[in-house]
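Next comes just one chain, in C-alpha cells: the form predicted alone.
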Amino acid sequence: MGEKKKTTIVLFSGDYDKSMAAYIIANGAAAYDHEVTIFHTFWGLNALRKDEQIDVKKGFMEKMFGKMMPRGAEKMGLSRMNFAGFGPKMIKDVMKKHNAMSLPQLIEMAQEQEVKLVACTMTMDLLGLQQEELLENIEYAGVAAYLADAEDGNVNLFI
C-alpha cells in the first residue's frame, strides 16, 4: 500500500466562516485518510484560543492585543456581513436549523481524527499569546516545520 496523501492548510484568517472552511476541508481530507496539518498563524490563532481568560503575565502591548482579539472560536466574526456581531448570530441560527456543526465542534472532530493542529510560535511571540491561553493537545512550531510538512503535501491551501 502506498504512502498516505498529505494535506496542509495555513489558516491565516481570523474569520469564523473562513476558519470553518479550513476545518471542513481538514476533516474531509482526514476522513479520506490524508495526513492533515493546519498551521495557525496571525489571526488564525484565534481559533485555538481558549474561551476563558487565562491569568498570565504580559506586557502592555501584549495585553492590548489580547483584548482586541476574539477569545475562542465562537467569538470570531464573519468575513462578510458581520454587522457589528449580528451576522455571526444569524449564521449560527441558520447552521443550527440545518444541523451543521459549529466551528468548536469541527475543531474537536479534527482533533479526534488526529489532524495536526499547529500554532505558529513566531506569531504567538508577536501577539503575546502564551501556550496556557491555547487549546490542549496542539503543537507549537515555526514556519520551517510547516514547510517540511507542505513540501510533501498533495494539497496545500492558504486560507
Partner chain sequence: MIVDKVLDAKGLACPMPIVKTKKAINELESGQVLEVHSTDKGAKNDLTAWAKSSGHELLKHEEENNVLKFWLKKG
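Please read these numbers as outputs of a predicted model, since none were measured by experiment. Residue numbers count along the first chain shown, from 1.
Absent from the display: the form predicted together with its partner chain. The rest refers to it.
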- [ ] Among 41 to 49, 54 to 62, 123 to 131, 108 to 116, mark the stretch whose residues have heavy atoms within 4.5 Å of its partner chain in the model of the complex.
- [x] 108 to 116
TODO: Give a yes or no on whether each residue among 10, 17 and 81 has a heavy atom within 4.5 Å of its partner chain in the model of the complex.
DONE: no
Task: 30, 103, 69, 91 - the one with a heavy atom within 4.5 Å of its partner chain in the model of the complex - done: 30
Task: Partner proximity in the model of the complex: residue 24 to its partner chain, non-hydrogen atom cutoff 4.5 Å - done: yes
